[in-house]
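The data below hold one chain only, encoded as structure tokens and taken in the form predicted on its own.
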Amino acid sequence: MCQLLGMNCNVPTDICFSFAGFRARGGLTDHHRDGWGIAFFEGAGVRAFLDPNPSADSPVAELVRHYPIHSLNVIAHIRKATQGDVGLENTHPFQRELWGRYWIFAHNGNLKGFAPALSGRFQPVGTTDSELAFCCILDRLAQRFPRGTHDTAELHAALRELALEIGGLGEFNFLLSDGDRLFAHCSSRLCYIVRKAPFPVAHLADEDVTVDFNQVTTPRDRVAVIATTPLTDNEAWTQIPPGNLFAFHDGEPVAMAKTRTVAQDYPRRNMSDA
């Protein structure tokens, strides 16, 4: 199982502490050694670092660990290859433009027999089911909302349909962001924590590192961290129930209408018929 990490905040924040523990899962405390990547939204731009080597041994990961890039939305991924060779082109997270802004996507799981019909606007460069799913999602959104949409509920509903449809072919945990909101879909394992005043003293589960967030934050800061499994061993993380799509904004989950992506919500369709 690959490892996912996301961060959504109400003020630009660095992810150095969480990334220190997350990075260790790429070959030190876990066996995911097939590459890693991280993307930071900075205004209208994205700063991305990708490396097909294990994150635990990566000089690039060492740079990121000590480089306090401040961002409202961050997505990171540690890969355990199931489809596609180990290589830079198959390293998550993936990046594309839609509606004049960048989108970032990372996936944990395995989609079997996934062969969607694409319009040609978005095409995968590598050979993973993950990048293909990302292209499919953006392709469908572009067709459904040719001029874009500013209605979060409308976008959330469309993503729920796609999560159900694509997820019917296998495990489909993913993180997706356009720099405004961060969407997190749990197919099997995904959890989150919201840190706000009074801030805790947190200890990493994968590294002997502790931080007192009261020393590095202000009382109005709010940060949501999303991960495959909890990154700290002395905080209460909330499990996202399997089959749910959450939206995070300003450092907390947004209350949407229905979130369950269960089979009875939508009729099953063959992706190749779309």
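Throughout, we count residues from 1 along the sequence that is shown. This one's a predicted model, so the numbers in the text were calculated from it and none came from an experiment.
Separately, the form predicted in complex with another copy of the chain exists; it is not shown, and the next lines address it.
Colleague: Since the partner isn't included here, can you check whether another copy of the chain sits close to all of 53, 67 and 124 in the model of the complex (heavy atom within 4.5 Å for each)?
Modeller: Affirmative, all three are within 4.5 Å.
Colleague: In terms of non-hydrogen atoms within 4.5 angstroms, which of the given stretches 124-132, 72-80, 191-199, 169-177 touches another copy of the chain in the model of the complex?
Modeller: This holds for exactly one stretch, 124-132.
Colleague: In the model of the complex, does residue 222 come within 4.5 Å of another copy of the chain, counting heavy atoms only?
Modeller: Judged by the heavy-atom cut-off of 4.5 Å, residue 222 is well away from another copy of the chain in the model of the complex.
Colleague: So in the model of the complex, is another copy of the chain close enough to residue 89 to count as touching (4.5 Å, heavy atoms)?
Modeller: Residue-level check for residue 89: yes, a contact with another copy of the chain.
Colleague: So, residue 206 and another copy of the chain: in the model of the complex, are they within 4.5 Å at any heavy atom pair?
Modeller: Because no heavy atom of residue 206 falls inside 4.5 Å of another copy of the chain in the model of the complex, the answer is no.
Colleague: So in the model of the complex, does any heavy atom of residue 181 sit within 4.5 Å of another copy of the chain?
Modeller: So residue 181 does not count as contacting another copy of the chain.
Colleague: Any residue of 46-67 with a heavy atom within 4.5 Å of another copy of the chain in the model of the complex counts; write them all down in order.
Modeller: 46, 47, 48, 49, 50, 51, 52, 53, 59, 60, 63, 67 sit within 4.5 Å of the partner.
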